[in-house]
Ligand SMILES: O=C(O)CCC(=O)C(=O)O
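What follows is one chain in structure tokens, specifically the form predicted on its own.
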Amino acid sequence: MSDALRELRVSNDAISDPAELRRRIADEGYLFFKQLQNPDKLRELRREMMTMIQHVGWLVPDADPYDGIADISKQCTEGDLEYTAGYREVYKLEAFHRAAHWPEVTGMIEKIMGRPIMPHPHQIARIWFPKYTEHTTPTHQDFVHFQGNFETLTSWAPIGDCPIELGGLAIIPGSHKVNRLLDHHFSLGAGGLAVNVEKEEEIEPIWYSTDYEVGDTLIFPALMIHKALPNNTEDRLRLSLDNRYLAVGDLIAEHMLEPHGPSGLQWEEVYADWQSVEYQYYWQSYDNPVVARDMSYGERGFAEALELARGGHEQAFIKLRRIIKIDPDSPAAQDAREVFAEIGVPA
């Protein structure tokens, strides 16, 4: 553990005590369990996912895919066309989607919520290259991206061991007690929006994390402030599960019923080669009111990127060039080209 990080509290002692689980998550804003999920199941999932990742060219070809040894020359991340091309193949894997329904996870979520629950179909795999630290997921609250309701719970788990240097998740315990969505601003990294906790007087920015082992699971609500740590390894890809759950009857945002955006897929494409229909369109049998996605958060971040680019901000340049490359005919791409032309910088 880094001297700047404190150790997460382990809650395995309360696994059979729903009242204590609820007390802890209400007070501290998270629950961390050692090997809540079966390590062998996660190892099997890792091998299947890493084999596909090697197939799309992100791992060196002559090594065991399970080891996740990255081809550094293929660095890419969400927002890159290259990332979409590879991620879509991983996202189609039936085993990846099944993991959100594993009873050890859904059972724990139901204990915490005290109500029947539904996994979000909008499941996410996080695939992070080493030596690409400026693209690390920034400090944020999940609600800005996933919306719906503040009680939605995130379950984060590494698919394989994830020591600090590989870039696991870090949180600020108790930060959910702000009980509101904080201002988010432009940033690189997944989601493209960040909170500056140094400017938030209500929050003491003391970060907690751990050397995660396969099977470990971190659960927290939508207002918890968290971030990814940078992948500082020489050549290892970081792979993790990012699943969300809500109580049946609670609000869900419409985009949470769609595949994760960077995949570029529709559900019929995801399901094309599945061997089972058990988890296809499963959410249609639940009664959760659907609300429209609030686009204002992303729109504000984009407007800030335009202004930062006018001032010569290199990370804003990266953002605008990605938009131009991935969707060249969009109004946003046109705005980006106009800014580059205005300041005399190649798009």
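The structure displayed is predicted, hence computed values, not measured ones. In case it trips you up, residue 1 is the first one in the sequence shown, and so on.
Form predicted in complex with the named molecule: not shown, discussed below.
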Worksheet entry | Distance check, residue 246 to the named molecule in the predicted bound form, heavy atom within 4.5 Å | no
Worksheet item: If you check in the predicted bound form, is residue 228 within 4.5 Å of the named molecule, heavy atoms only?
Response: yes
Item to complete: Report whether the minimum heavy atom distance between residue 147 and the named molecule in the predicted bound form is within 4.5 Å.
Response: no
Practice prompt. State yes or no: in the predicted bound form, is some non-hydrogen atom of residue 238 no more than 4.5 angstroms from a non-hydrogen atom of the named molecule?
Written response: yes
Practice prompt. Report the residue, out of 255, 98, 126, 177, that has at least one non-hydrogen atom within 4.5 angstroms of the named molecule in the predicted bound form.
Written response: 126
Worksheet item: Of 263, 152, 137, 210, which residue is found within 4.5 angstroms of the named molecule in the predicted bound form when only non-hydrogen atoms are counted?
Response: 137
Discussion item. Checking a candidate spot here: are 304, 317 and 336 all in contact with the named molecule in the predicted bound form (at least one heavy atom each within 4.5 Å)?
Written reply: no
Practice prompt. Name the stretch, out of 137-145, 103-111, 67-75, 83-91, where some heavy atom lies within 4.5 Å of the named molecule in the predicted bound form.
Written response: 137-145
Worksheet item: Is any part of 149-173 within 4.5 angstroms of the named molecule in the predicted bound form by a non-hydrogen atom, and which residues would that be?
Response: 154, 156, 169
